[in-house]
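Here's a solo chain for you in structure tokens, the form predicted alone.
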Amino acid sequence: MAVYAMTGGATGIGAAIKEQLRKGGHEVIVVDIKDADVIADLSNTEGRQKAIAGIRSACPAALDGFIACAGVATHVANKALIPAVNYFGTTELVDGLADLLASSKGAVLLVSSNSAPMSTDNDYVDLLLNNDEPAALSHVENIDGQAAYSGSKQAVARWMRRNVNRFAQQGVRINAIAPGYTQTPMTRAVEESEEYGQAIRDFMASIPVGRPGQPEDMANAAAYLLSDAASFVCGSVLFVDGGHDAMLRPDQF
């Protein structure tokens, strides 16, 4: 039995990953703002440190894996929550748990998005990668929610790639999944929003395999990347999107 910790396990993709791991006989310590083993708000440093402390209290010696799944979508009124949770709530926790993961030669799974390549705001992504949280949170006030979201997810993928060697030298594999449109409580709220609803419905209709993703699709990919079957997979971004990225970027891979 392995011991995993994860953020964002209360609903949606995170809940599906949690349930699949638990059905496999593994222990999963969940961090979320509600319905979790560790209640913490990842939108600020105090909450992130509370999350790290809670995981360490539950699993003080070693951790077999960590899944950073907590995220905020495009439709939130307070756009600063998008980079605060999606990027800083990911990277700060991975770094804060690195020694526990190294102790068991564990695996890390991050959640990016197939919208990550669509980001064109290089200044915003650079602020994230330079760990300038105040400037990044200020920057998003002047861009739309989709740009804030896609930039945060691009930064997550690029941070992962930049840090592969550092973690691998400690015996820790780190990968990411890039979900396509997945029907969850969070994305249904976007589907139903006046601002983004029609665009999202058009987007779903263009998915090559003919359907939107389900949380279980993402959980299957996550379980593989966390498992020993993926022991030579490190630094990869796995698109789980029904062929959407290939359709949109046929000559890039």
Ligand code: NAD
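The first residue of the shown sequence is 1; numbering continues from there. Note that the structure is predicted; figures quoted are calculated from it, not measured.
The discussion below concerns the form predicted together with ligand NAD, not included here.
Although the partner is absent here, residue 67 sits far enough away that none of its heavy atoms falls within 4.5 Å of ligand NAD in the predicted complex. By the criterion of a heavy atom within 4.5 Å, residue 185 is counted among the residues contacting ligand NAD in the predicted complex. In the predicted complex, none of the heavy atoms of residue 201 sits within 4.5 Å of a heavy atom of ligand NAD. When contacts are judged by a 4.5 Å heavy atom cut-off, residue 217 does not count as touching ligand NAD in the predicted complex. Only one segment in the set 193 to 201, 57 to 65, 25 to 33, 221 to 229 has any non-hydrogen atom within 4.5 angstroms of ligand NAD in the predicted complex, and it is 25 to 33.
With the partner omitted here, the residue from 88, 159, 167, 181 that has a non-hydrogen atom within 4.5 angstroms of ligand NAD in the predicted complex is 181.
Residues 149, 153 of 135 to 163 are found to place at least one heavy atom within 4.5 Å of ligand NAD in the predicted complex.
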